[in-house]
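This document contains two forms of one protein chain, each encoded as structure tokens and listed individually as structure 1 and structure 2.
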Structure 1
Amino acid sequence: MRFFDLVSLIAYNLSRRKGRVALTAIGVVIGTAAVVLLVALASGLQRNATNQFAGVADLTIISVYPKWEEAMMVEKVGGGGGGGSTTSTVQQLTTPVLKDLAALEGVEAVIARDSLRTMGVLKYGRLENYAYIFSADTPDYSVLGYELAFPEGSLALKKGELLIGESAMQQFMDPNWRPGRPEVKQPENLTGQQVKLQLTRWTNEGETINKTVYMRVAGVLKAKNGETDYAVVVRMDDLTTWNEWAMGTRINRNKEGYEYVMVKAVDTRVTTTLAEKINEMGFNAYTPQSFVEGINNFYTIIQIVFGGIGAIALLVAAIGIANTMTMAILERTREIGLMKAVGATNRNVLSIFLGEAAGIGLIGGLGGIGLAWLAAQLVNVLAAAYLESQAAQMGGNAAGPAAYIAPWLPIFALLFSTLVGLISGLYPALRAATMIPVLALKYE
């Protein structure tokens, strides 16, 4: 029997019993729709959760720190040997180490980080700002995903320039302000403005020495619910000079290394494996990606649970298919006898009835996907307004659809519903295939 003839015969047999096929398929429609919609809801939730998070943090960035806690353990084990030698046991983020990190597979960039190790006050006119001051050693901060709040600025710093976070810019204080006076008027856009940075150090005698540096604001960083919001970013060479002044010693990056290092991966997919590799090298590597993967695992479980609930509906539908097929085989016993009399093999008969059962599953699956799609549209329209207001309050990216039908989902659902049909038809079809022709022909 040709495959096309088999399929056309199956289609014909289903079409001549439209009513019953439709009734049986309704069970599959509901089951498939339940599976698809519930899984779509779970993946919608998941995508929204990860999107919200992705808005806050760059998921390709791994933060690498020296393993300080190991040094402390060594100190305890070593006993009263004095604190001086312990630091040498910690592997520092030195320039050669940075080169090693850059050589790892999947690394796009290695960016050294340091912060101001003394007090620094930013002054703008009479106003003062105590923002956190740090540097990431890169010629252009767009690599780190930084964005400007005002287009006229620049993310590439020249010597004596700084970037200020949008929120930090709103945090200026007037040291002469007293209760009852009007609120401090915050600057609207500092781009291109000159500010003063007052640095302070203390001598061994407890004397304070101040130093003022004139800086130009190269740009204002767009608020992103991230670390730059309340920070001031400067060039590494400027920062190193100030730190050396504050400590009174030269900083040897080959020995002392950096405070920490940001490793940018080429892709979010390699972030976690890269972090593991760096951990194995003897550093502490943190990545928001591992957190996101945690979220993903959680939602995968939800998807499985939701899918399972839908699958129960499909199971009920399977019983319906089995019942319909059993009935059909009783009604068509003589027809089966005839098929055998004219030369159908057991395999032919088996294929025909299995095909019919799978066909009911397929039809139901198609209907179910259609129904689920309609329901998903409805859910999305209803949820859109609510989620939008939610996103406006919480910040981060705007919410995506509440029910998200991934491209693989309809394909999977269709295969699954067809498989359910096939399995339900297995026993009736086997019975049909193994009928003895003479008995089937005499069946009343």
Structure 2
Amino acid sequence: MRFFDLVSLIAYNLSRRKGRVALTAIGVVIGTAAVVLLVALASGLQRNATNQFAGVADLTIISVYPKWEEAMMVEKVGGGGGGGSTTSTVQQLTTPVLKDLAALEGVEAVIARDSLRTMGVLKYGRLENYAYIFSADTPDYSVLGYELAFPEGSLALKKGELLIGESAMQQFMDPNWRPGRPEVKQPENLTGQQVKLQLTRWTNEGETINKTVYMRVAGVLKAKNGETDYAVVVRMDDLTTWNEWAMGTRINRNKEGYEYVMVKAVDTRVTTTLAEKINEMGFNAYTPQSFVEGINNFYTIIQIVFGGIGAIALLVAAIGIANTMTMAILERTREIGLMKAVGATNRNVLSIFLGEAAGIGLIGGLGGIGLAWLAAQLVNVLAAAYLESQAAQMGGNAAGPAAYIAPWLPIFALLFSTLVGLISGLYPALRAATMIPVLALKYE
């Protein structure tokens, strides 16, 4: 029997009993829709969680620190008086180490970090701000994923310029304000404005020495619920000069190194591997991507569990298909005997009934996918407002669909429902194929 003849015969047989086929297929529709919708909900939650986290942290950045917790302090005991000193064997993030990190495969950039090691007060008119001041050794801060709150600014710092976080800009206060006096209005946009940075150090005698530096605000950093929100970012050469003034000595990067280093990977797929290699070099490496991978693993388990719950409905539908096919064989026993009498083989009969069972699964699968798509659209509409409010509170990316139907999911659901129908019809089809023609023709 040719393939197209077989398909035509299967379609004809199914059309002869439209009501029974439709009722049986409804079970498959419900089961398939349950599988698709539940897995789509888990996929949507996973994508939104990953997307929101990516909006707060750059997933290609690896933060590298010295292993201070494993530092071995060796005490050198002097003769006679018991005086001594201590030395640390912890490996520092020196300039040669930065070159070794840059040579690792998959590294796009290595950016040293340092922070102000003395007290600094940012002043704008009568207002003051005790912001966290740090620097990353890069000519353009767009490489770190920083964004400007106002378009007129720039992320490329020149000497004597700084970037200020949007939240930090709103934290200026008047130290001379007293109850009853009018409050000084907070600046709305400091881009292009000049501010004063007052640095303070203390001598061994306890005397206070101040130093005032005039800085220009190159831009205001967009708030992202991250480190830069309440921080001030300056150039590395400016920061090094201030730290050397505060400590009263020059900083040797080949010996003392940097506070910590940011390693930027070329892609998020190699970030975790790079972090493991850096840990093996004797440093502490942390990347937000490892947390995201943990989220993905958790939601993968959720998808499997949800898919299993939906598959229970398909199991019930499978019993219905088996029952329908068994009844069909009893009703068509003489027809089966006639088919065999005119030359149909056991394989032909088996193929016809298996095809009919698979056809019911296919019809139910198509209906289930359509029903799941409609339900997913309804869920997305109802959840859109809530997800947008959550994204606004977190400061992350815009919320995506609550139920996301991946391209592979409808294909998998259709194949699975067809396979369920095929397996359900296996026993009835075998019964039909093994019937003795003479007995089948005599069946009443």
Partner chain sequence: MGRNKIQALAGVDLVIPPGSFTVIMGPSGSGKSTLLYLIGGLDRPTSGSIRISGDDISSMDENALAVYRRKKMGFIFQQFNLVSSMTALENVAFPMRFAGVPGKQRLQRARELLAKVGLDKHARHRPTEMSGGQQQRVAIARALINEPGLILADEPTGNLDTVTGYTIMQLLSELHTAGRTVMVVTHDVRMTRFATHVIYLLDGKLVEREQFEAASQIPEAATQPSEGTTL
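Rigid core: the largest C-alpha set superposing within 1.5 Å between the two forms. None of these values were measured; they are calculated from a predicted model. All residue numbers here refer to structure 1's sequence, counted from 1.
**Q** Two forms of the same chain appear here; which of them is the form predicted together with its partner chain?
**A** Only structure 1 fits here, because that chain is the form predicted together with its partner chain.
**Q** Quick one: once the rigid core is lined up, does Arg334 have its C-alpha move by 2 Å or more between the two structures?
**A** The answer is yes; the displacement is at least 2 Å.
**Q** With both forms fitted on the core, check whether the Cα of Thr208 differs by 2 Å or more between the two structures.
**A** Shift of 2 Å or more: no.
**Q** After superposition on the rigid core, does the Cα atom of Pro139 shift by at least 2 Å between the two structures?
**A** The answer is no, as the C-alpha of Pro139 shifts between the two structures by less than 2 Å after core alignment.
**Q** For Tyr427, what C-alpha shift in Å results between the two structures following superposition on the rigid core?
**A** It moves 3.6 Å at the C-alpha.
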